[in-house]
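So this first bit is one chain, no partners, the form predicted on its own, shown in structure tokens.
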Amino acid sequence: MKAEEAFPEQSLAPWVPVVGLEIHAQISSNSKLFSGSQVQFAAPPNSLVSFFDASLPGTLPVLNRRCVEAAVMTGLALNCSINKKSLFDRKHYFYADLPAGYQITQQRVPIAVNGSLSYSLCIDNKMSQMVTKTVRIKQIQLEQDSGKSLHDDTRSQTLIDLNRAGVGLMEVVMEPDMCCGEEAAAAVRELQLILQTLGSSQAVMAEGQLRVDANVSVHHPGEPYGVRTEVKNINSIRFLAKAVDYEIQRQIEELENGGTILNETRAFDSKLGCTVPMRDKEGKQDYRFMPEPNLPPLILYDAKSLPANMNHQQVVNIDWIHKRLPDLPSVKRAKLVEQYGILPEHSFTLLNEDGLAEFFENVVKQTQMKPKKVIGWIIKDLLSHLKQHSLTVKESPVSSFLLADLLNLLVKKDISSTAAKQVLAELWKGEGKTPLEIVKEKKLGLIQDQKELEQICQAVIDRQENEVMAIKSGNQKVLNKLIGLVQRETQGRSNAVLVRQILEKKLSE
């Protein structure tokens, strides 16, 4: 939904929606932020809990170097300033899945500040019309995750799984620079791609590795921002767009009907497609922040500040990390467009599907077909097959080698594009046959005998008197119908260009 669609025409003045995001990304690390416990999704409940995670008396936190490096890497990729000195704090609140009664976070001086994220979105849902926008990043902070509460309604009890307790998180706080669900979704999708490219987070939303809180408010132009609501723990990009747009519309309707917006926390009900109240925030919660007494300040270095006699294993060097940053998605897209001459919107499709860009490049290397034509086969044919069977690119039964082999047959004019699609469908069965074997077995090779093709064309002309008259009267579009009939007659084994030439010649006689 575009922002302006959220404003009913009967309003005295248009409403301006404001959207800010807080995103928790689980750091890709073998162990937790402050303990040596393993990090593993869907492990048996409470099987990955150290004494520290369970908050047993006398246990102390030990900072995980990998988590620090992942946060620095992410901060650099998001154009942030990295603080050479950052601090840890205790944020107190009492909940069953937080054994210590506090969370270790970075409230006062986080590891990274003042960054930006550029993202692109379509205008009017047209991939060919894209606009690039930028959202400011206020800060990135390191913090530990809480455990998980499992509510058993039938027995009226809550069970606690502490496997997730203490897992390292990066909280990315975005400024309220967005105005609709589509923008929020595009920004989070770009962040997700960046995290996955860096390897700092797997960012799989279905596994809780990326969770989004959206802050939404509306106001009239020139007026202060309205009262905001927070939609918590959104675990899908599609749901994020729906939740934000619903919340904008709900607030506008509430205000236009004379109501007021409560400063509250809401949840998105994906089945009903609406947000529902969770708890109010009128009485500001006092988290009683205090410096974490068991952790010293986190000191980072760069090439200039690194002491000469310092052991490199003991410190984190910002410049060393910066030099090793991989190409980010925006750079990869630009290179794909420049190198292969494909459309910018196609570069987005290639990067949005994990492994698809590599698949495309492998096909291009192994075929004589031009990249602009290869991209059509990848996006229209391969992707539609994958989606139809709910498979990822890496699970495709048709390898890049097999697809290239098939496209080479097409380039050499051994088969028609219609026959190529039939071969692709056969390859999809994963029976281990090569494209050429399928062509021979199914007799899909192009008819090489021109006389045979001329006879078939003449037979089609003889049967289609009305169409022939229409063509001779100047309606050349009808010729396509005759070409289609010849293709059907030959079961896709005729070269459409050659068929057109034969038909044109015979109709002009």
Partner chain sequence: MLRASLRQVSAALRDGHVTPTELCQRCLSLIKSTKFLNAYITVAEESALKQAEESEERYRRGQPLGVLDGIPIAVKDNFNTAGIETTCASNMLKGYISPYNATVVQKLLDQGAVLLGKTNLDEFAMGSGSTDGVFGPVRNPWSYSRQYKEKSVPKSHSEDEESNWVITGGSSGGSAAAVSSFTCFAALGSDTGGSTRNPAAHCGVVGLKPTYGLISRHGLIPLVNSMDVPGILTRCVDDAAVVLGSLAGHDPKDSTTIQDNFKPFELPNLTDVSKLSIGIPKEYHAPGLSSEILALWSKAADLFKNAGAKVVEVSLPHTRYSIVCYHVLCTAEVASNMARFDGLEYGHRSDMNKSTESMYAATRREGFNDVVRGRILSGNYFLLKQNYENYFVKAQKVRRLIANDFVKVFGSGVDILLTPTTLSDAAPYTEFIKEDNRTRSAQDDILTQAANMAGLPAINVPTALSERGLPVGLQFIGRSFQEKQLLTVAKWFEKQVKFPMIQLEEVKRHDHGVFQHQKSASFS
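Everything numeric in this text was worked out from a predicted model, so none of it was measured. Residue numbers count along the first chain shown, from 1.
Unshown form predicted together with its partner chain; subsequent notes refer to it.
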* Joint contact, Gly341, Phe359 and Phe401 to its partner chain in the predicted complex, by non-hydrogen atom at 4.5 Å -> no
The stretch from 382-390, 92-100, 140-148, 207-215 that lies within 4.5 Å of its partner chain in the predicted complex, judged by heavy atoms, is 92-100
Checking Val62, Leu453, Ile461, Ala470 against its partner chain in the predicted complex, the residue with a non-hydrogen atom inside 4.5 angstroms turns out to be Val62
Only hit among Arg324, Arg288, Lys394, His312 for heavy atom within 4.5 Å of its partner chain in the predicted complex is Arg288
message = Is Leu295 near its partner chain? Define near as a heavy atom within 4.5 Å, in the predicted complex.
response = yes
Next on the checklist: With a cut-off of 4.5 Å between heavy atoms, is Phe41 one of the residues that contacts its partner chain in the predicted complex?
Outcome noted: no
Next on the checklist: Contact with its partner chain in the predicted complex for Gly474, defined as at least one heavy atom pair within 4.5 Å: yes or no?
Outcome noted: no
field: Distance check, Ser31 to its partner chain in the predicted complex, heavy atom within 4.5 Å
entry: no
